[in-house]
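In structure tokens, the next block holds one chain alone, the form predicted alone.
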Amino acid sequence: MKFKPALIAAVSALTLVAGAAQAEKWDMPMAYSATNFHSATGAEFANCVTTGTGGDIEIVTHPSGSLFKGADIKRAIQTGQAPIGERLMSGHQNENAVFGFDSVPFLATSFDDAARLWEAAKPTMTTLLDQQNLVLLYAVPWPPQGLYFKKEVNSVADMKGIKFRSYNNATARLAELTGMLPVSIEAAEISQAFATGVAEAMVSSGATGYDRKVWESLTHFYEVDSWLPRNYVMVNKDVWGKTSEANQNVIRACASMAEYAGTWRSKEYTGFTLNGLRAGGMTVQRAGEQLQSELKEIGATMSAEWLKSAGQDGQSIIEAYNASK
């Protein structure tokens, strides 16, 4: 789904109230490949802003960690090395546990649940990012997360000793609790890591596996719907404060369209990418009852740990989420 021309025209109309401004170029680092749906959505958002501001602000995207690696993107924006960028929200869980709200196992396992969880968490996350010199623009969920292996796995015992790609605290902890060995690997490095044996498994969406052609190294994908993590786009607060109100309105409107279009893409991409994994030769199936049961026990442990570390903010998010059901 692309941004509708009529909506872009409406955004462009906002420039009629904008005063003359000096043209600015905003480089936008992104961690995932240009073909990934998050990157495609970001590119359309960038074009929307460039068009909508009449060229006052030109946003240029830099996918695949080409400008800054994924783990460095948020810090680069906070410190003004880049004005805007996208990052996996739970990638900051080591800074503050609240960032991992969307990676609590089996808390929100569907798009509808993930949407309610995001609405519950958005006020807290907006305030937290504001305190870190950042302005939240939009966030888009990944498809439900499943488990990738290079062998058949029917129980947690079958996972022992496997080198497991971790990308946040939740995935590292999942590895520990299942007896796997966590290895920190950025998205742009996935293909090489599996090809060289640096990693042998991961928890991720069908989208990531499809984009990185993991069937060249892996053989099995198990649907467990553990969580739906979000990527989010943020802008440096100082840069935002110097942006005219008219252009801020354009950016907000483009961000709203990006969140809608990106979420639609994520839903549509779920079935498409799983079929793509099958076409590549992988076995794609629901996890067996034993594996599901054992994973949910581990999920209960991780949930309790997250609530303890996230404190009152985490508790407030969960209470708001439960109240929305």
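Don't overthink the numbering: it's just position in the shown sequence, from 1. Remember, it's a predicted structure, so these values are computed and weren't measured experimentally.
As for the form predicted together with a small molecule, it is not shown, yet the points below apply to it.
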Tell me which of 200-208, 239-247, 68-76, 128-136 has residues with heavy atoms within 4.5 angstroms of the small molecule in the model of the complex?
-> 200-208
Taking Lys163, Gln192 and Leu218 as the candidate spot, are all three within 4.5 angstroms of the small molecule in the model of the complex by heavy atoms?
-> no
Name the single residue among Leu177, Ala120, Ala187, Leu107 that comes within 4.5 Å of the small molecule in the model of the complex, judging by heavy atoms.
-> Ala187
The one residue among Ala170, Met234, Cys254, Leu88 placing a heavy atom within 4.5 Å of the small molecule in the model of the complex is Leu88
Consider Thr124 of the chain shown here, and say whether it contacts the small molecule in the model of the complex, taking contact as heavy atoms within 4.5 Å.
-> no
So, in the model of the complex, is Tyr32 in contact with the small molecule at a 4.5 angstroms heavy atom limit?
-> yes
Would Pro229 sit within 4.5 Å of the small molecule in the model of the complex, counting heavy atoms only?
-> yes
Does Phe99 reach the small molecule in the model of the complex, with heavy atoms at most 4.5 Å apart?
-> no
